[in-house]
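In the block that follows, a single chain appears as structure tokens, in the form predicted on its own.
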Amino acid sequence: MKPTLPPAAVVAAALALIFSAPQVAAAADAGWGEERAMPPPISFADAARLSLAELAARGRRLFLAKFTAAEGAGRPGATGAIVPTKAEETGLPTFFRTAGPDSNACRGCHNDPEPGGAGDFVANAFVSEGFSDADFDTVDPQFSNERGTPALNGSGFVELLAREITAELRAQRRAAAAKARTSGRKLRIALSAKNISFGHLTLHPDGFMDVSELEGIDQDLVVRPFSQKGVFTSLRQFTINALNAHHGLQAVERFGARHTGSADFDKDGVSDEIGAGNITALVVFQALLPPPIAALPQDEAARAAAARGRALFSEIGCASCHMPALPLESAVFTEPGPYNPAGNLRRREVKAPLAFPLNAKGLARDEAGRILVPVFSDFKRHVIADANKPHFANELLAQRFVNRDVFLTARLWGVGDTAPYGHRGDLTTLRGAIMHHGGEAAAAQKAFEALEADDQRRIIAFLQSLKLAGAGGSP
């Protein structure tokens, strides 16, 4: 069944609601004396029947809500792992700054310059390798990785770009596999999408695939654009992970009886803590957050400096990874997405996906009519540290089998409003972040270092012009 798109007026109403509503969560729909912050549970089908404005309002309310123990906040019997994992008896308190849960609300960390944005160093999270986290009571790097809070602005466009790249790469693989099978000879192909090279793949007639030449992507060719390591596929997966790890709220679609045999997996006395409808509302709220845009200074000299800085940014090689814009074929966001892993609601589990267009106002288009999304990223993982520049390899734990010196290319849109910098927010200046680049970025770093001081300042001025202007960032 093909989803029905809401009219443009409804989308505009949803966006207006998100960005003009008071930044205080509404009172919960509970009886007198009830201490619940979340709206009542609804199914995915119920969520799909709401108007987009109503669903966005519900998602915003959930994002702002300070969750309580009465509705399942806390996880005494479970860890923060992304797969359901029982906790050992440790005697840790219900809320704990290191092992978590460590926050009362989504906006507790994603709040700068307003809900959905980034977070200061004080909001850093401590995470372990992800799959079967052991509870830990120390910030020692051998037990946890410290991570800064990423801005969520433009996340809907980010996920759509990742989906299109994935679909294109997989189509190339299918075509090559079919050709190898019919020809009876192995075939080596170059994988690329949206002018991004992902290395080579060799297909054999018997179906064997040699993946040793892939670059910056997993062997399944799924682009995972969320987290600083690039390990989460969708906003839905990112949201479900965060609810459990940071708030102790277990999504029914992953931690419920279907997968764990228990409606109260974390043993906090609350069953079915957050269902598919409210997860969907949270996803919709995040997907509708507007993309960051460039906001050049009003002062003529500063404006000229930023414009020259943009040119220099490309000339010294930064744009080879931080690609200024990627073309998007369609701005229609569908939920659930096509590549959700198990434990996250999947397409085949719903009658029809929810579908709505993202607001692309202010974004340029190419000659083919495709939306040019100014992400300043290539959606690939890269080695960005070496013996001379080890700062970005200061973690001791791998995450989802990604090496310690490898990170997803940071999306620089909005970087002018998202200080501090680096994966743990320990760099206070853009200059410092640039100077710590090594590995595959070493040549660009050295080129920056070799520039005249004024040209270095011009590049900084350009980066400062990349604002979260759609979400209250400074012009």
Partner chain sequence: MNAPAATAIALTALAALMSAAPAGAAETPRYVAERGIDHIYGGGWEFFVGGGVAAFDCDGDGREDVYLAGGTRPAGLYRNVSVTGGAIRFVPAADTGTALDQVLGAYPLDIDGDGILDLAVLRLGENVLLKGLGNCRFARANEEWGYQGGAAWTTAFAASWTKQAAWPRLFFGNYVDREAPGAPFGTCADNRLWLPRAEGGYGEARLLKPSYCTLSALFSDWNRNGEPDLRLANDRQYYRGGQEQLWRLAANGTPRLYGRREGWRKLTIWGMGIASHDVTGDGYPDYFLTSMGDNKLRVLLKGPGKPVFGDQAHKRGLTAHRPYSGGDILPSTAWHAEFSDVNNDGHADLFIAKGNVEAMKGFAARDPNNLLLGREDASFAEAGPDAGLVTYARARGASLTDFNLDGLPDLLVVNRKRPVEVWRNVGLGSAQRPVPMGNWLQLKLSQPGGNRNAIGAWIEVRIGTRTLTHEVTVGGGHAGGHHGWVHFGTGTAERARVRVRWPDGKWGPWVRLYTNQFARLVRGEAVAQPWLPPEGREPKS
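Just so we're clear, the structure is a prediction, and the values are computed from it rather than from any experiment. Positions refer to the first chain, counted from 1.
Same protein, other form: the form predicted together with its partner chain, not shown, and the subject of what follows.
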Residue 293 within 4.5 Å of its partner chain in the predicted complex, heavy atoms: no
How about residue 308: is it within 4.5 Å of its partner chain in the predicted complex, going by heavy atoms? no
Any chance residue 150 has a heavy atom within 4.5 Å of its partner chain in the predicted complex? no
So, residue 343 and its partner chain: in the predicted complex, are they within 4.5 Å at any heavy atom pair? yes
So if I measure heavy atom distances to its partner chain in the predicted complex, which of the stretches 309-317, 258-266, 387-395, 372-380 falls within 4.5 Å? 258-266
With the partner omitted here, the residue among 120, 329, 114, 218 that in the predicted complex has a heavy atom within 4.5 Å of its partner chain is 218
Could you spot which one of 303, 181, 97, 188 gets a heavy atom to within 4.5 Å of its partner chain in the predicted complex? 181
Members of 207-228 lying within 4.5 angstroms of its partner chain, judged by heavy atom, in the predicted complex: 207, 208, 209, 211, 218, 219, 220, 224
